[in-house]
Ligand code: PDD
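There is one chain below, alone, in structure tokens, taken in the form predicted alone.
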């Protein structure tokens, strides 16, 4: 497999970074994951825009112009022969002396990899997954802005560990005041009376690229999408729940689990995709593979 590292496309086994890189030492960096469909990077401009916003928040310079990054991505897709792939762009502060001061780090590290897409098991989409309402809270925006897609992912890792202990495939985190935020790698949607609800964008969650695409797709189909603060009880009383992310697309949740009074409790929402989730999932696949939808308004499918 070929990867890009600091100006060179090389075999992956030759790709090495310094042990003094602040991304390795402190998680001082940002990243994006991009899905490749039929050889085309899906929503590439939107991902690059979010990368720029995350980097700007950390005062981290991007050493390569975006047009050149796009060319690198297309080269990696071609050289690796992966028409169905996932792209990972990682930008870190680069090597420097120990300490949190970023100023001595003069040369950011930019790495881009292209891996064959495997995806989640087909059974997850047929039967749905279990999601855990975990005790680990989403980072407070005054502590670590969730809107920055940072390589410092310990918050999500701790939530994931808790969900694994509860036998779930994903964790859903809430804010300090018990409003639904997001999953460890996903955005959350709930369906009630054929209306689609999702947490409002603000300071408490990452603005998901796929989330935005699904909201626009649903509205183009005449479905009502309501962005508002959601409580834990809102999820528990929903008819359908689904998650979205770059590598998930639209993934149904058919069971919620949580811990109350030291006991594991659960609630089921049925088996497989509900009707609204199914419509969105089918239309998402058609829209995503429709060709050059870049910068074009969504049409009904």
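Since the model is a prediction, treat every value here as computed from it, not as a measurement. Residue numbers count along the first chain shown, from 1.
There is also a form predicted in complex with the ligand; it is not shown, and the following applies to it.
S.K.: 230-238, 55-63, 244-252, 264-272: which one contacts the ligand in the predicted complex at 4.5 Å, heavy atom to heavy atom?
M.R.: Checking each option against the 4.5 Å cut-off leaves 244-252.
S.K.: Verify the contact flag for residue 77: yes if a non-hydrogen atom of it lies within 4.5 Å of a non-hydrogen atom of the ligand in the predicted complex, no if not.
M.R.: No.
S.K.: Can you check whether residue 26 is within 4.5 Å of the ligand in the predicted complex, heavy atom basis?
M.R.: Outside the cut-off, so no.
S.K.: Does the ligand come within 4.5 Å of any heavy atom of residue 92 in the predicted complex?
M.R.: Contact check for residue 92: no, nothing within 4.5 Å of the ligand in the predicted complex.
S.K.: Please tell me whether any heavy atom belonging to residue 184 falls inside 4.5 Å of a heavy atom of the ligand, as the geometry stands in the predicted complex.
M.R.: Residue 184 belongs to the contact set for the ligand.
S.K.: Among 217, 132, 209, 159, which has any heavy atom within 4.5 Å of the ligand in the predicted complex?
M.R.: By the 4.5 Å heavy-atom cutoff, the listed residue in contact is 209.
S.K.: Just to make sure I understand: among 45-78, which residues lie within 4.5 Å of the ligand in the predicted complex, judging by heavy atoms?
M.R.: In sequence order, 47, 50 come within 4.5 Å of the partner.
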